[in-house]
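Below you will find one chain, with nothing else, as structure tokens; this is the form predicted alone, and questions on how it binds or moves follow later.
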Amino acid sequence: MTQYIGVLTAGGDSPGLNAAIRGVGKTGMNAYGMQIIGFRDGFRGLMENRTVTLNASALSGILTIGGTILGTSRDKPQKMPIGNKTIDMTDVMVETYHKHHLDVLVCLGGGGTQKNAFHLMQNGLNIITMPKTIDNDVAMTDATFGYDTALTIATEAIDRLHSTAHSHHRIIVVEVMGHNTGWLALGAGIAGGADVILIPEIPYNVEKVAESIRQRVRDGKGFSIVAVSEGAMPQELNERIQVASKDSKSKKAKAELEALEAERLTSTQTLTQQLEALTGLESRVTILGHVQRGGIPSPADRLLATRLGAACARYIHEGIFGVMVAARGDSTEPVPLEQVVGKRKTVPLDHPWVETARNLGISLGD
């Protein structure tokens, strides 16, 4: 019997989403005779029953296109903004699923999407997911598609900033995406030859960072490149957040925690000013922002997304649901969603990349 497949993309856009959609769709149609529809703008499109038929014509020519042809949103099934209210629209989404006689709903996204998909699974839907995010922080998979492209863009930015830092004898602080994990800053920092790399997993001491830069000056190197994750923070701020997190139930404690998180996300500007004062070197900050996740996906991301999409169609054909399609070396593995939800793949303090950075003489701020 023909299987009917629904597909949606949710959360932030990421290079490789269209390649993954194409991988599911073309494999599903060509190998298994499936029929595929897409829901526009994530879970909101599922709620509003806004669909597009993903036939051969719709999938043609999208492999190299960035973003997602389906559109995306950060809306959650159980907390859907409707007017000035937030309403649980899970039942409406379940109804839409059955209205189209779907055998499974494929959800492409990061940690939040995995959680929302799991919620729908608990409400009786057949679900299968794929891991997408430039942060590379989805648990239980070797890699997420989108990361390699963002890593390439961030590395190229650091490469280009070297010349101006060297010419003007400046400190250039490069802020890379990564609110809770440092994979992007760490990888780009090593690949781009940064002199300092600051990541959320290793709270930094600004005086130690400054001393590493002053030592470079004494060694005859009058410039430095500092690669910093947007979520990296000084040790004292980390300690304050840890204390506030222990009592986050009261309104006062929640407000304090929100204020500290806001301070965390502006700490790069403060760091730049502090380094200029402590070293006497002119310091400038460059925030890469959304440029890191835009544009044409890299060959590695196209390959990863395509093979995950093809494996997804195969798992559906085999009746394997309630799983995330994880990358395992050159193969894939269906990982139960309950093992993925609520977890985040952070940089281990003993990771080989961390050891490599230290052995290269790169300061990690600790």
Ligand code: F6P
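Here the structure is a predicted model, which is why all the values come from computation and not from measurement. In case it trips you up, residue 1 is the first one in the sequence shown, and so on.
One more form of this protein exists, namely the form predicted in complex with 6-O-phosphono-beta-D-fructofuranose; it is left out here, but the text below deals with it.
This chain appears without its partner; in the predicted bound form, the one residue of K208, H162, R74, H168 with a heavy atom within 4.5 Å of 6-O-phosphono-beta-D-fructofuranose is R74. Proximity to 6-O-phosphono-beta-D-fructofuranose in the predicted bound form, defined as a heavy atom within 4.5 Å, singles out one entry of R216, R264, H119, R293, which is R293.
6-O-phosphono-beta-D-fructofuranose in the predicted bound form comes within 4.5 Å of no heavy atom belonging to K115. Looking at H179, you'd find a heavy atom of it within 4.5 angstroms of 6-O-phosphono-beta-D-fructofuranose in the predicted bound form. With a 4.5 Å cutoff on heavy atoms, L271 does not count as touching 6-O-phosphono-beta-D-fructofuranose in the predicted bound form; it lies far away. Though the partner is left out of this view, T149 does not reach within 4.5 Å of 6-O-phosphono-beta-D-fructofuranose in the predicted bound form, counting heavy atoms only. The stretch in contact with 6-O-phosphono-beta-D-fructofuranose in the predicted bound form, judged by heavy atoms within 4.5 Å, is 128 to 136, chosen from 232 to 240, 250 to 258, 196 to 204, 128 to 136.
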